[in-house]
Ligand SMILES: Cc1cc2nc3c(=O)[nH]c(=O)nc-3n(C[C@H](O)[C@H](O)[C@H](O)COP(=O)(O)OP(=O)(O)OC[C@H]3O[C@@H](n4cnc5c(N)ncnc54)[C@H](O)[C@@H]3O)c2cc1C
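Next up: a single chain in structure tokens, the form predicted on its own.
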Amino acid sequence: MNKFLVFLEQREGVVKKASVSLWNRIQELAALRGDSVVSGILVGPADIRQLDGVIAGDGVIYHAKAESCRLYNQECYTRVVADIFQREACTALYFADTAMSRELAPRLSVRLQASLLTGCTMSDPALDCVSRPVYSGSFLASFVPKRHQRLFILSSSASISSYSAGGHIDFIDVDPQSFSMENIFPVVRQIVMREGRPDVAEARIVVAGGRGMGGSEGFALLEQLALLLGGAVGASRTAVDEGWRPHAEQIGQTGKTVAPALYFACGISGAVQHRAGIGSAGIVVAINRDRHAPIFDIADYGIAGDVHNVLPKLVDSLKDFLKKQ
């Protein structure tokens, strides 16, 4: 019997949508195998009622809801997750691909002496084999972990699941064996995004800009479009390197992998590193004055024109359309 453990990440007491989708994906995987059970670990205070009706399947979720775990602390989180993994004799630990998991998973891999596979796009229920893009997404390679215990970081595309089978989830409180780490890992500064917009890695609509936006002021047009569509603003590496946008919005090989239903690439040439981050996007709309830009090779719809001329017209047309609704 295989035992799968899913890490459910919370921020400000809210469980991330990527983690919820991951839970449902692993439940689907376990159902296909027929010889596996799924458990979860949630570290930090969070209202578990937010999970009603959104997580599927049967299982147990261990909740270390001590106030001391509200903010991410690598040592505390490592101890809590490792304790549950070993206590329940789990064979696999799954993470959604987030900034936190990219730091936490390697620490757990060392502590648990487990194989770690990152950036995975899918799992084979029969072979315990995973695939991930290599060479900036040019190829898809398959990997098989050598150790019986293994950790996986699944990309956004792999975490999205329509699995909706019913079931019953039990929540069990866990004592994180409270210890104070404030003096060892002090919080220097806490930056919280409060615009009310979705995370770029979880948004169903993403409006991204690149060098063609000309500067930080050019992103005001993207802010307007994203606000009208209820989406998030993203950026290419060039825009982030120039200081026009924060790194949290960077999309691509060295940023976040996104899988929105609708993706706008505005003033983005479409380098292979950026295309690696949007390979799972649904509809791609490209706006670029260079009609030979690589982004048009993967776009479903393309507009060859200056973004500073096209976007205002697009925003005005959308406003008129919404007024008539």
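The shown structure was predicted, so the numbers you read here are calculated from the model rather than taken from an experiment. In case it trips you up, residue 1 is the first one in the sequence shown, and so on.
Below, we refer to the form predicted together with the ligand, which is not included among the displayed structures.
K.L.:
Since only the chain is shown here, I'm wondering whether Gln113 would be in contact with the ligand in the predicted complex (any heavy atom pair within 4.5 Å).
P.N.:
It does not: once the ligand is placed as it appears in the predicted complex, Gln113 has no heavy atom within 4.5 Å of it.
K.L.:
Is there a heavy atom of Leu222 no more than 4.5 Å from a heavy atom of the ligand in the predicted complex?
P.N.:
No, no contact at 4.5 Å.
K.L.:
Is there a non-hydrogen atom of Leu151 within 4.5 angstroms of a non-hydrogen atom of the ligand in the predicted complex?
P.N.:
No, Leu151 sits far enough from the ligand in the predicted complex that none of its heavy atoms falls within 4.5 Å.
K.L.:
Can any non-hydrogen atom of Val43 be found within 4.5 angstroms of the ligand in the predicted complex?
P.N.:
No.
K.L.:
Would you kindly say which of Ser269, Ser280, Gln50, Ser36 lies with a heavy atom within 4.5 Å of the ligand in the predicted complex?
P.N.:
It is Ser269.
K.L.:
Name the residue from Ser216, Ser142, Thr254, Gln86 that puts a heavy atom within 4.5 Å of the ligand in the predicted complex.
P.N.:
It is Thr254.
K.L.:
Please determine whether each residue of Arg11, Ala66 and Ser101 possesses a non-hydrogen atom within 4.5 angstroms of the ligand in the predicted complex.
P.N.:
So, no: the whole triplet misses the ligand.
K.L.:
If contact means any heavy atom within 4.5 Å, which of 51 to 59, 261 to 269, 24 to 32, 66 to 74 contacts the ligand in the predicted complex?
P.N.:
It is 261 to 269 that comes within 4.5 Å of the partner.
K.L.:
Counting only non-hydrogen atoms and a 4.5 Å cut-off, give the residues of 214 to 250 close to the ligand in the predicted complex.
P.N.:
In sequence order, Ser236, Arg237, Thr238, Gln250 come within 4.5 Å of the partner.
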